[in-house]
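In the form predicted on its own, a lone chain appears below as structure tokens.
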């Protein structure tokens, strides 16, 4: 079978793939992640490359690239990022859906995230909400609300205080009872017996607005994520440590949770979600009570989290300056319904 992708160090082939579409480049990404080979010493040959493949190659760091059949859009991407590029044949466009989706002027990380989702290389699961209504007393808070977030997608929800943003998250979590409408997380309808057994696939990071002096350590907060799962003590200790190291808070393990700063608490709560291996993460005003430095740390940590775990994410926030830093869809909750901001 003809090789579709070849990577050489000098004249020696160190990686090859017979895969189709963009999968060889994802396989190459895995190979490079587990082998200590400087990409600057490598050359890459691909059978076919459009704009999408060009972005993946750029993100991997290759500077010496030869394509057998390339699109003009791919050539423009390579030129934009200073890649030494040659091709046996250059065509106007490649007949591929991703050639239409990718514009060519996006940041490589944004294209990579989108392509990962299309390739199914994400840990997240879809969230589907249909016809959801919720009333508090005589007040109609949500009215036949619909929302679909695909696996591995990330969205923001904004809106004025009191419009029901936190209530919506609590309904997804099953902390509030759905009276009218349906919420499905992955394969499970919220509120059913099957979902009750698997509800740990949804993680929740709430805003820290209430002082509580109940004696609990940061480690114990993270371990709460495993409360519904039957794990051995050794497994619990392992997953707790790994998740806290992942979010940079392992050194706080034995500290009182309530003595931590706002940014440190966010790290601990995200570690709890990682510990329970949540596939959907819900954040309620994550930048509230954070100073500018802590906001910047959270931004960097979340970007790394999206890149590695790729869960489905819904963030409720009113912090427009923070929202603008992410190139995510933004929905506004108003009059009980969600509308996508243009």
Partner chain sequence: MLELLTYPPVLRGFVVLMLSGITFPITGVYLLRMNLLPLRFMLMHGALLGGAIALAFQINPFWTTMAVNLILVWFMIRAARGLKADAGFISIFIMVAAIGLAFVFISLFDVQAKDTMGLLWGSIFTIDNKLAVGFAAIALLIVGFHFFRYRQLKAVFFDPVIAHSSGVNEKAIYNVVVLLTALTVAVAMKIIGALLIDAVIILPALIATLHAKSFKGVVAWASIWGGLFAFAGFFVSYWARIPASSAIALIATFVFIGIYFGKKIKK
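Numbering follows the first chain given and starts at 1. Everything numeric in this text was worked out from a predicted model, so none of it was measured.
Separately, the form predicted in complex with the partner chain exists; it is not shown, and the next lines address it.
Taking 4.5 angstroms as the cut-off for heavy atoms, does residue 202 touch the partner chain in the predicted bound form?
Contact with the partner chain, yes.
Residue-level question: is residue 272 within 4.5 Å of the partner chain in the predicted bound form, judged on heavy atoms?
The answer is yes: residue 272 has a heavy atom within 4.5 Å of the partner chain.
Counting only non-hydrogen atoms and a 4.5 angstroms cut-off, does residue 227 reach the partner chain in the predicted bound form?
Yes, contact at 4.5 Å.
Is residue 220 close to the partner chain in the predicted bound form, meaning a heavy atom pair under 4.5 Å apart or at it?
Yes, residue 220 lies within 4.5 Å of the partner chain in the predicted bound form.
Judged by heavy atoms and a 4.5 Å cut-off, are 26, 64 and 82 together in contact with the partner chain in the predicted bound form?
Contact check failed for every one of 26, 64 and 82.
Go through 141 to 149, 88 to 96, 191 to 199, 118 to 126 and give me the stretch that gets within 4.5 Å of the partner chain in the predicted bound form, heavy atoms only.
Of the stretches listed, the one contacting the partner is 191 to 199.
By the heavy atom within 4.5 Å rule, which residue out of 179, 175, 101, 242 makes contact with the partner chain in the predicted bound form?
Contact residue from the list: 175.
Just one of 206, 167, 133, 113 has a heavy atom within 4.5 Å of the partner chain in the predicted bound form. Which one?
By the 4.5 Å heavy-atom cutoff, the listed residue in contact is 206.
Heavy atom within 4.5 Å of the partner chain in the predicted bound form: which residues of 274 to 307 qualify?
Heavy-atom contacts within 4.5 Å come from 276 alone.
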